[in-house]
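Presented below, as structure tokens, is a lone chain in the form predicted alone.
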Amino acid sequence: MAVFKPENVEDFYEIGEVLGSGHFGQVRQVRERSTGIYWAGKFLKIRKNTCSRLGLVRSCVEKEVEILQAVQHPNIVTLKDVFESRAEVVLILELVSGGELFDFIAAKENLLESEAIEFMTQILEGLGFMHSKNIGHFDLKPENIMLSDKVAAQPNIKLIDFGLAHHFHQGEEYKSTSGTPQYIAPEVINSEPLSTAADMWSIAVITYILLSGLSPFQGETDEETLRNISIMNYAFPAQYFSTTSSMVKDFIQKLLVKIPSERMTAEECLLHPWIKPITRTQVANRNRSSINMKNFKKFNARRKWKMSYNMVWMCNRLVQLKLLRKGSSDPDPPQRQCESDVEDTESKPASLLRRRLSSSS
């Protein structure tokens, strides 16, 4: 059972600068008064009543808190405290200050495949621990893979954002159509029962991008991307994989499998020859291979640009809505008694995309 403290968070923490903001709240740096240690405070707006659409449903926050309390691991962000007031819930989390892994890598001149494997090993160890607890992340993507400290000699990976995570119980059938199109598994698109194997598909996509700077299923539109995933339309173009080892292709192929039960598990991935070489030849091949840094930098620049574009689009949309509200002679018409939040049409739910995909085929 998730424990929510009714005390005022400001009695225990000094509230500092904003580190980021999202649809339902913001993340701020906070300083613990008793120790002076800095943490990240995730301030989430909670719906005031069942009619309201402004804010998160409290049960969703409870679910995220319970999952974070169950996955205490060096490669998973740590939850320290949870405070609750009438209008919001505040999660006190480990301050992950190293930025995104992909940004860290893109700043380098080159990266050996063996160095990339060190990062993937940490990701798999954190994910494997989650899966051992019957918990799936279901939102693995570059934005949710961070570094605890970028200046450390041995950078430590932290998996973050458990808003879509789910704890499986025996005999349960769980379905979800949420996620980011280019990273979701076929069973998500088809609205089929999910398992932790859906995360392993995402691991394959992330590995493919990391090594080549190319997204395996990315189309001109989200609909085309989802179609490519559904029909398993991907390849290993020689111009993008010319510097990589053949073992990584085998690693990816054993994860990009349409039947979830036939994909490698996180534990099996850690024993794969690409991660844990068996022969001297495998070690030698891996050590002289490198990622396609030139193309990876281009991919990461496009990814960051798109994130910035979406943020500017959302800010402009909010300004327009405020102006429309000010200009309305009837700000609270009878047919619209409930509060409403802003729909982010730039990042469409996979469920909407799936319906559009099926209607166009």
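All residue numbers are counted from 1 along the displayed sequence. In this text, all values refer to a predicted model and were calculated from it rather than measured experimentally.
One more form of this protein should be noted, the form predicted together with ligand ATP, which is absent from this view; the next part is about it.
Option from 89-97, 277-285, 106-114, 221-229 whose residues, in the predicted complex, bring a heavy atom within 4.5 Å of ligand ATP: Within 4.5 Å of the partner lies stretch 89-97.
Contact assignment for ligand ATP in the predicted complex, among 81, 187, 125, 143, heavy atom within 4.5 Å: That would be 143.
Partner proximity in the predicted complex: residue 149 to ligand ATP, non-hydrogen atom cutoff 4.5 Å: Flag for residue 149 set to no.
Contact label in the predicted complex: residue 24 to ligand ATP, heavy atom within 4.5 Å: Because a heavy atom of residue 24 falls inside 4.5 Å of ligand ATP in the predicted complex, the answer is yes.
Partner proximity in the predicted complex: residue 255 to ligand ATP, non-hydrogen atom cutoff 4.5 Å: Flag for residue 255 set to no.
Non-hydrogen atom contact residue 15 with ligand ATP in the predicted complex at 4.5 angstroms: It does not: once ligand ATP is placed as it appears in the predicted complex, residue 15 has no heavy atom within 4.5 Å of it.
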